[in-house]
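Take a look at this single chain, the form predicted on its own, given in structure tokens.
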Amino acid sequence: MGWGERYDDAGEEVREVHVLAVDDNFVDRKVIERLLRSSACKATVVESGRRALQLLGMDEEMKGCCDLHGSQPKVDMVITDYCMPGMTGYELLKRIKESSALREIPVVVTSSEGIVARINRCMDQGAEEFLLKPVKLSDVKRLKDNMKRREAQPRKESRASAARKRNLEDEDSFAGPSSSSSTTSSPVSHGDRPLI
């Protein structure tokens, strides 16, 4: 086991969640960076939506200059402030969700103002969540847990699908050719009670 490598209970290597945090306010950037790092996330923090697009390889003028999907690890989540000069968090969200290469990245929008129309607009555009500032450690941990659960779901589904396929093949080979003509079925039960 090398330095920095971590393993879960099943012995599989645990990869750090890489979060791109976007906020024009220096103090808010430092707060979110500290929260992410104390939640065992890799944090990249930038001051603007345009800089975030550059890092994601989406800025036309700087195309490829700092592409996180090239030489550096991919971004697993974006957390962006809503109100920023130049490009708002909503505009950044919209650009990410319009990109065929990046639309699956969860985007969380933060704001110090809980304006319902703003929240609905972001959620309708595909935001994962809308958090009111100040963002708390419990928020970051919940987001990370939700993302890891969603990431693990396809693996569990593919394992379950493979197991179902093996079971069907085993049933076919055990029952032989006459099984297709049989129409008897056993009652379905819920716990110890038969369902009628």
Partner chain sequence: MEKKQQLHRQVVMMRQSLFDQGYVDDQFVQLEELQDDTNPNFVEEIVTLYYRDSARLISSIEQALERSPLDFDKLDNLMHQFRGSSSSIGARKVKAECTQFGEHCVGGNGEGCMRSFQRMKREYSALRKKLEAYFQVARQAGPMDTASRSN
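Residue numbers count along the first chain shown, from 1. Computed from a predicted structure; not experimentally measured.
The same protein has a further form, the form predicted together with the partner chain, not shown here; the description that follows concerns it.
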| item | value |
| --- | --- |
| Contact residue in the predicted complex, from Arg142, Lys42, Arg34, Arg150 (heavy atom within 4.5 Å of the partner chain) | Arg34 |
| is_contact(Asn146, the partner chain) in the predicted complex, heavy atom dist at most 4.5 Å | no |
| is_contact(Asp28, the partner chain) in the predicted complex, heavy atom dist at most 4.5 Å | yes |
| 4.5 Å heavy atom contact, Ala101 and the partner chain in the predicted complex | no |
| Contact of Asp124 with the partner chain in the predicted complex (heavy atom, 4.5 Å) | no |
| Within 4.5 Å of the partner chain in the predicted complex: residues from 99-116 (heavy atom criterion) | Ser112, Glu113 |
